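Let's start with one chain on its own, the form predicted alone, as structure tokens.
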Amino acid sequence: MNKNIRVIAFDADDTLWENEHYFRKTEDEFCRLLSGFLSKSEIQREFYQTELVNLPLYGYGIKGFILSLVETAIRITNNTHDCRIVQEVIALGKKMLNEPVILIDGVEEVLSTLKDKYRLIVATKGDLLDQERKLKKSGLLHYFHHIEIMTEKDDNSYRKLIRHLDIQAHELLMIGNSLKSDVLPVLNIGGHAIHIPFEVTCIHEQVKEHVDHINFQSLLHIREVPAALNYLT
């Protein structure tokens, strides 16, 4: 046990359970649906541009993702097709919302090891209803003292979180798969962060920045977390 750490916060998507695969699979199906209009790379480019503009409006999550797909489909087809394509895109979204929650290997074992030594919380972002649904389906809720679903994970969001938890920044450890959302802002405010990369990273979460910080560690697997706690200052 590391006595300097009081709270360990876990990201949810692609840290506790698989998530990004479902988005990429749906994107592939969307590209096949519109393959008669543009190439796959052109469709993806159109979609990413649309999604980037819409993120401040819709936030992160399946619903905003599907709305951006619908908008992209309408633009690519020049609004000349019937409602079939829109209906198929909506069906893709409903399918995503009903996908099973598949835990990352070793997650429950690690949570069980840590739960009596630290206050464990979830600190994630996305659509409130969707994240609550996945948490419930995951079977992990009983491990956590608090669930924080943020609109954005930036410096100010983490400052608000530590005030709510009544701790100092250096008493927080954040664990996640995104350098942009789970690591850099936590380090900025004086907290600790562990990065565990997932095999697929959302394009909006990708950063090329090299992290060299005394409060930072990068691990290959979540199973390494309990041992890594011994090396945090």
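Quick note: we count residues from 1 along the sequence shown, nothing fancier. What you see is a predicted model; the values in this text were computed from it and never measured.
This protein has a second form, the form predicted together with another copy of the chain, left out of what is shown; the following refers to that one.
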Though another copy of the chain is not shown, can you say which of 170, 63, 180, 195 has a heavy atom within 4.5 Å of it in the predicted bound form? 63
With another copy of the chain left out of view, choose which of 140, 97, 107, 114 has a non-hydrogen atom within 4.5 angstroms of it in the predicted bound form. 97
Please name which of the stretches 28 to 36, 48 to 56, 171 to 179, 186 to 194 has residues with heavy atoms lying within 4.5 Å of another copy of the chain in the predicted bound form. 48 to 56
Wondering, does residue 164 line up within 4.5 Å of another copy of the chain in the predicted bound form on heavy atoms? yes
Hey, in the predicted bound form, does residue 156 get a heavy atom within 4.5 angstroms of another copy of the chain? no
Given that the partner is absent here, does residue 128 sit within 4.5 Å of another copy of the chain in the predicted bound form, heavy atoms only? yes
Can you work out whether residue 90 and another copy of the chain are in contact in the predicted bound form, taking contact to mean some heavy atom pair no more than 4.5 Å apart? yes
For a quick test of understanding: in the predicted bound form, does each of 40, 214 and 219 have a heavy atom within 4.5 Å of another copy of the chain? no
Residues of stretch 149 to 177 in contact with another copy of the chain in the predicted bound form (4.5 Å, non-hydrogen atom): 149, 150, 151, 160, 163, 164, 166
